[in-house]
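Only one chain is given next, in structure tokens, and it is the form predicted alone.
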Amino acid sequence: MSQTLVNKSINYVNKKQSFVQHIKASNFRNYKNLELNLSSDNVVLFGLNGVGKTNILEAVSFLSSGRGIRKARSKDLILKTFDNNPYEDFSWGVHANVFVKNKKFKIGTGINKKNNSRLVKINDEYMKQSDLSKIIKISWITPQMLLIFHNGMQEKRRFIDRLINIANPTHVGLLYRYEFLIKERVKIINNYHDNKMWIDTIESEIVDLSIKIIENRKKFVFDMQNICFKSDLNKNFFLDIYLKINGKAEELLDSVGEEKYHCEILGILRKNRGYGISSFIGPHKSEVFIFKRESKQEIRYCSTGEQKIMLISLIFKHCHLMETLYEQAPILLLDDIIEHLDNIHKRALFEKTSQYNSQCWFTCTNSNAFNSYPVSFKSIDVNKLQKDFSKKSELKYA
């Protein structure tokens, strides 16, 4: 692992708002034991396809709350051998020293073998996953994210809700509770018709949660439109875009206000319940649209190249929002991002990330692709990383 020094023509301050200084991963994906010592410089992971570059990014992504860049279940991250004999006595773990606004945090996370649940430690104390988002913000772009624009609205909502949760760590918790209560309501309608008090309580909470979720989304769109979309950097290279979230629930809330909305939705729920109908309007039916501002063309109808550029633009605008509102630019994980970018957009991306105020991680198959990168970065040949360790080694996640 060596540090590559390139052109210093850009006035670059090496002091980052957030960066990973040291990271260990044990029994994680294809790594039995991984350890990287870093500086605040951006990181370029290069190597052959399938060698484990994205797995390293995934380990970094687990320093934040949620299920990482692949949305994987915790138990699926444990290393398995080719002879189908996983190390049953071991659990995966990730430990890192992270600097955020000149403060050092020791973050550890891993699996609880008893129930396959994820545990988190911050500075040697057990904490909730949501506490990670209050300390460190991490965002990413992966090739699979382009599929979001061709999938159903549910995937698009989840994508936007993940961005909202980076700013507001309670948002996903509201969604989980909302979805859980909807399922509980269906069970009651189908099996417990006489339990009126129970279903009344559930339906009232469903409506309260729906208001909070809609308001969170509304604030996010407002902030993005007014803070980010009107002040584009590299505007000539990255498409000018805007975001829209709408639905019948949003329209009703805007037109009648919270109090009347609560009464009307509650009335719909109670009426439908009597007919055995479980569906109703709410934020689980909202529609998400991303447009090119000039042509008003929706992203799913754009070319693959345009979609990638629009995705990059959206993520960087979101990062700009985080820095504006919270004085903290998220750590960026950019998986295979330079593939299929023309030289103009590649140069624009290099300039943007070289001046970005937190650490950026890249993956690529050939490090020569970064020969023109304008500042120093940490270059890591993933092909040469040591992946083996003694079975007697102690595995720790914190």
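Computed from a prediction, not measured in an experiment: that's the story for all the values here. Quick note: we count residues from 1 along the sequence shown, nothing fancier.
Below: the form predicted together with a small molecule, not depicted.
Enquirer: Have a look at 49, 368, 343, 37 for me and say which one sits with a heavy atom within 4.5 Å of the small molecule in the predicted complex.
Expert: Result of the distance check: 49.
Enquirer: Only one of 358, 65, 26, 54 comes within 4.5 Å of the small molecule in the predicted complex by heavy atoms, so just point that one out.
Expert: Checked against the cut-off, the match is 54.
Enquirer: Is there a heavy atom of residue 260 lying 4.5 Å or less from a heavy atom of the small molecule in the predicted complex?
Expert: Flag for residue 260 set to no.
Enquirer: So in the predicted complex, does residue 30 come within 4.5 Å of the small molecule, heavy atom to heavy atom?
Expert: Yes, residue 30 is a contact residue.
Enquirer: Verify the contact flag for residue 77: yes if a non-hydrogen atom of it lies within 4.5 Å of a non-hydrogen atom of the small molecule in the predicted complex, no if not.
Expert: Contact with the small molecule, yes.
Enquirer: Do residue 352 and the small molecule come within 4.5 Å of each other in the predicted complex, heavy atoms counted?
Expert: Looking in the predicted complex, residue contacts with the small molecule do not include residue 352, since no heavy atom lies within 4.5 Å.
Enquirer: Looking at 41-49, 325-333, 343-351, 368-376, which lies within 4.5 angstroms of the small molecule in the predicted complex, counting heavy atoms?
Expert: Residues of 41-49 come within 4.5 Å of the partner.
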